[in-house]
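This text opens with one protein chain seen in two forms, each one given by itself as structure tokens under the names structure 1 and structure 2.
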Structure 1
């Protein structure tokens, strides 16, 4: 074995140029693939952190049909049973009861459509950090039942300030009419212009009173400890609430358009990586082909004097693996610092893609993901290609007739 390793290692350096070219092409491919995957995963993580946490939460529970027809009649009664189911699922960090509805806001002479969110403001703070978005005034406390927080765009539109009053009118539960007058306790600013122009927050009970929907919710937004558990938790929720008339939605279903945007980027980069790997695979295969063909006589002599073919195959495999490892090791040396650098200092996006990201309310930054799994995946992919390319020398050696090899 040691002897075989020695021979294999020396063979790698026998045609230094070719080995280096092969190793560097592997290096380049692995580095590039890691970089691209790092961008995708990092971006994905960034999106979920920003949007999901600031808005929908990872999972929401609605009354069945609510998401397609977001009216207050499609609300559900919040009961202890549901609360317990959610609370007892492992990995659930927090659930925020919300009652959301569109309404008309008006002051003396102006009217505008707004989105009213009645919510548990203490919990809201923990997930969406709404308090951090305050630019004027104060956050609501429990019992602030005739106060609201409005978004900055609304305040500007109505030219309202702290302690000014605003009137909301809308449709309540089961056809009742909803109307109420509130004073403004705080003003928050959202990066997304859409949100900034229409959001109104109030205590859950205040909203339930306004819409005549006591004890009812339109959504229970759920925050989780680890986003990798989302699908598992989703499934558990679905199982445990079967037949109870709820719809359980993960964020990617609620924000389907955003999800498509991310996924199209994702599949595009998979495409690039795939093409890249195919090119590299051909390069590696070319090298393997040459090193097999040019040593036909040498192989013939080795087997003539008593080397078993299986040992010879092992040596050639080691050579190929060595070459691959050189490339992979080089790729690690280069990519780890680069990925880490861009993890700390994210790439800033520009152009139309950046604009569409901004629509969702956060900065178009692309930090590279700093996690081991996708890096290891690239290494495994390359090793698989190397293994595939070894089929050729293995079959060549296995079927080699010594006599023909010697006559070469």
Structure 2
């Protein structure tokens, strides 16, 4: 076996041009497979992070039935027991208490429906980076009980600026009247037109006072340290809160339409990857076919001087594996720095495509995913194609007639 390895390695470099063509075809195959899959995973991963970290969090806790009927009467009382359960689950990075409800906003003779979110603004800043969306004014602080932050579209609709007042009217907990007047301390801008035309933020205690819902929440949004831990944390929360009257929902259940869209687009990307694999398979097979055809006389001579066919097959297989390893190694050297660079510095989309992405509230960026699993998968798939392509030279050597090979 050791002798066969030596012969195979020498044969690889005996015809450098042929070996480099074979290794190069494998190198480009692996590189394009990794790059293309990296774009798909990176883009959809970025979309998910945009929507999850912009608002929902990876997981939310509600009272049973709240998601189907989002009214303030379906809120729940936030207690230390639930707080401790969430805090003690490994992988939970942050939990944000929120009280959300719709109300009518009014100023002068104009009114408009708005979404009021009472939240822990210090925690909100850590997950959703709400303070980075400020275009005017200041971020709310603890104690700003008569102040609100409103979205830019809402400010433009009412023609309001910093320190102007706005009135909210609605229905509070258990049918109580909710009404209050607040001054505008900050204005934020959201990429999504829907959010930009209706959002109002205030301190959690202020919202609880407005809606007569002291100590109550409509949602507890949870951010986690690694999205791969989401299902494990979700299951643990369900187990530990069983029978307590809560519903635990991951982002893909809350945003089912977005999840279906992403999965549909991902399915299409698999089709493109499949087409790429077919092209790659023919390319790899073509190089092996060329290698076999060029060496037909050489194989005949080696068998005629006494080399067993099984030994010759073994040497040829080793040669192809060596060339495959050279191609994969070269692909790793080229592709990993490229993938990492575009992971840190995403491709910035421009034009109408970028505008359409902004309409959904996403950043027009296309980062490449930096994940070991899909990189290894692409390498394995290409090597499988390479091994399948060895069936041809094996069958040719096994069925080779020495006289015909020598005459070639």
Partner chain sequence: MKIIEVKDLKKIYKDGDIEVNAVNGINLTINQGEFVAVVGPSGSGKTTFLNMVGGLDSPTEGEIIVDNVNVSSLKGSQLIDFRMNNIGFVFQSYNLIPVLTAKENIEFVMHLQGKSKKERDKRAMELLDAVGLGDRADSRPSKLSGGQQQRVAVARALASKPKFILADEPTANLDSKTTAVLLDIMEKLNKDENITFVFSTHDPRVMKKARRIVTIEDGVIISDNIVKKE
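Definition used throughout: the rigid core is the maximal C-alpha set that superposes within 1.5 Å between two forms. Since this is a predicted model, take the numbers as computed values, not measurements. Positions refer to the first chain, counted from 1.
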item: Correct structure when looking for the form predicted on its own; value: 2
item: Shift of residue 314 between structures 1 and 2 at or above 2 Å (CA, core fit); value: yes
item: Core-superposed comparison between structures 1 and 2, residue 61 Cα displacement 2 Å or beyond; value: no
item: Exceeds or equals 2 Å, Cα of residue 343 between structures 1 and 2, core fit; value: yes
item: Core-referenced Cα shift (Å), residue 21, between structures 1 and 2; value: 10.6
item: Per-residue Cα shift, residue 383, between structures 1 and 2 [Å; core superposed]; value: 5.5
